[in-house]
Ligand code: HEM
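Take a look at this single chain, the form predicted on its own, given in structure tokens.
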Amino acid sequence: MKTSLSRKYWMAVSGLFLIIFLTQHFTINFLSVISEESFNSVSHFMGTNPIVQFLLQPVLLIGVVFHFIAGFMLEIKNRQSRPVKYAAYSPAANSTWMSRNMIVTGIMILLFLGLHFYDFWIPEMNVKYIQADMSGLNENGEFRYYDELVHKFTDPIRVIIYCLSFVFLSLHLMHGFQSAFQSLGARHPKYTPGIKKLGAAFAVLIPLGFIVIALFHYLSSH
């Protein structure tokens, strides 16, 4: 029991950490809709700042890996501890679809992260640390970040994949946000309804914002 509670606790902590990162990542990316110059400036700062690159970035990668591994382990333990399912047992009567399928939405998000790393993170690491070019400039002497972002959203298939991935992210957050607070002991008649409303709003607005970014750049480039 203590081990199970410990897993849930660390799942909650890592989940809230990733929620903070997600908010920051969305804020920076949404700048690309508002101002190309602002997006380029912030992207260059984040991409060249040693604290971000050599401290926060490794911590983030560890947090992502830890969260997914802990999630898979928790799901396996939960399945092993469930009683025999009787014919009259109805999961839908006791829990939401999101809570029963966190592993499914988690896997879809993990697959999306693989694509996202392939699109952005791996090329960025290649330019900065293999080609040893920290200038952030293209061959025309201009910041390359905005153009690289827009280029990825010229392909309608990729845009559709991104948008569907954000739908899965929304479903994952719909349960995960409030569940994280619950696992940390934030359960009170006065505060729980507000946490649930905040979680629902976050789970809708942030993924929707990412979808708007993808669609904006796709439509702007056609």
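Numbering starts at 1 and runs along the sequence shown. For clarity, every value in this text was computed on a predicted model and none was experimentally measured.
Below, we turn to the form predicted in complex with protoporphyrin IX containing FE, even though it does not appear here.
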| query | finding |
| --- | --- |
| Heavy atom within 4.5 Å of protoporphyrin IX containing FE in the model of the complex - the one residue of L137, I122, L110, V150 that qualifies | L110 |
| Residue contact check: H44 to protoporphyrin IX containing FE in the model of the complex, 4.5 Å heavy atom | no |
| In the model of the complex, L18 touching protoporphyrin IX containing FE (heavy atom, 4.5 Å) | yes |
| Contact test in the model of the complex: K8 vs protoporphyrin IX containing FE, heavy atoms, 4.5 Å | yes |
| V159 within 4.5 Å of protoporphyrin IX containing FE in the model of the complex, heavy atoms | no |
| Candidate stretches 185 to 193, 30 to 38, 47 to 55, 62 to 70 - the one whose heavy atoms come within 4.5 Å of protoporphyrin IX containing FE in the model of the complex | 62 to 70 |
| Residues of stretch 171 to 186 in contact with protoporphyrin IX containing FE in the model of the complex (4.5 Å, non-hydrogen atom) | H172, L173, G176, F177, S179, A180, S183 |
